[in-house]
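For this one, two forms of the same chain are given in structure tokens, first as structure 1 and then as structure 2.
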Structure 1
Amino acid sequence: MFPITGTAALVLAVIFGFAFGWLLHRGKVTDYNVIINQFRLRDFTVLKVMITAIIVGGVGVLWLVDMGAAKYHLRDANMLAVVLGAGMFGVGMVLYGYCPGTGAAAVATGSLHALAGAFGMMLGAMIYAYSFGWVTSAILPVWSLGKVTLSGISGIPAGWIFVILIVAAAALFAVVERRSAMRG
């Protein structure tokens, strides 16, 4: 039965996207101030959302893969490209105040500067398309490790990595919540 493909999958795409956009707005991560204040370490909404999503999503997907109901969709670890790209991404995201997903959602909530940034994103994608030949020959092959996971390189089973993540996240959230409670 699964995965669903064809026209039905296209209808589901809109429904799943709708849920995602709804969640981003209700979680306040379509708000420029919330995102920037995360990077100024004054508001931990962004990290709370992301870390919870990774843990809840990850534990469920691990179980679903073990049951045979889902497959992993791992990407190649082209490490030079990831480090350079993520480095640029952090700079760009703080200048913009949004990441691509929250930016698109913010445009929908009336943010005009998010729209200005969306035009920038279109330009960035065009520059990438024109440099794609150079990127594939000069950047992607450097330090290319294939589809590796943290449990693959460390030898620690995925379940235990999630236990460690849950403990670390609980400690971080406890500190952050106490700090914001003290601030009133």
Structure 2
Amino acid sequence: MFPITGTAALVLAVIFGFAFGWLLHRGKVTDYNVIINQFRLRDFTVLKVMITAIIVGGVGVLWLVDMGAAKYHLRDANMLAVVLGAGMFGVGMVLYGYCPGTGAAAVATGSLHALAGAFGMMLGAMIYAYSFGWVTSAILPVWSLGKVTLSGISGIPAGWIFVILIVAAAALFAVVERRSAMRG
């Protein structure tokens, strides 16, 4: 059954990409107002969709690794790069009103302002590519933890980390739903 390569892998990539975009659209996170209202703490659809995706994806990865159908490919935990990248991502998302995935899905729905932002993402990617040598020498070595996992650092098995995450997500969902009910 595994690994899937060649034309079959390409076909599956298109199918899963289409399904991902369709689910983003159905989840209403391709709507500019939904994303902006997340930042305004008025609509928590984005939070719920993202946490659900993290949990489902994480459990899926754990299951695939446990079944021997996949294995972890760890990269260095370059924390300065993560902090800087997260900051730029957050500022870009607030200014653009989309993350890259929701922006691409919004373009597919015909959103012209999402299309304009997609060109900005491509420009940013080119700037990053041209500056990668400098990033590699000046940013990546700073605050680098090496190839580590949260499970490895904490000593908590990966399965239990996801159990904790699921419980925390359920509690967060309950708080968000209670707050939404009080407002509505």
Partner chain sequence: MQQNCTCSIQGLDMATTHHSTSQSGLILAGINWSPYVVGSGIGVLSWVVFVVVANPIGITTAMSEIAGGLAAPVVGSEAVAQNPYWARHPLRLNYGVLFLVGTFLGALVSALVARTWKLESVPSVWRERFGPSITKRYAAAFLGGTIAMYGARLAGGCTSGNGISQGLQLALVGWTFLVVMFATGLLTAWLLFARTRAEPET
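Residues are numbered by position in structure 1's sequence, first residue being 1. In this text, the rigid core denotes the largest set of C-alpha atoms whose superposition between the two forms falls within 1.5 Å. Predicted model, so just to flag it, every value in this text is computed and none were measured.
- Remark: the form predicted together with its partner chain is the source of structure 1; structure 2 originates elsewhere.
- After superposition on the rigid core, the Cα of Val83 moves by less than 2 Å between the two structures.
- Once both forms are fitted on their rigid core, the CA atom of Leu74 lies 2 Å or more apart between the two structures.
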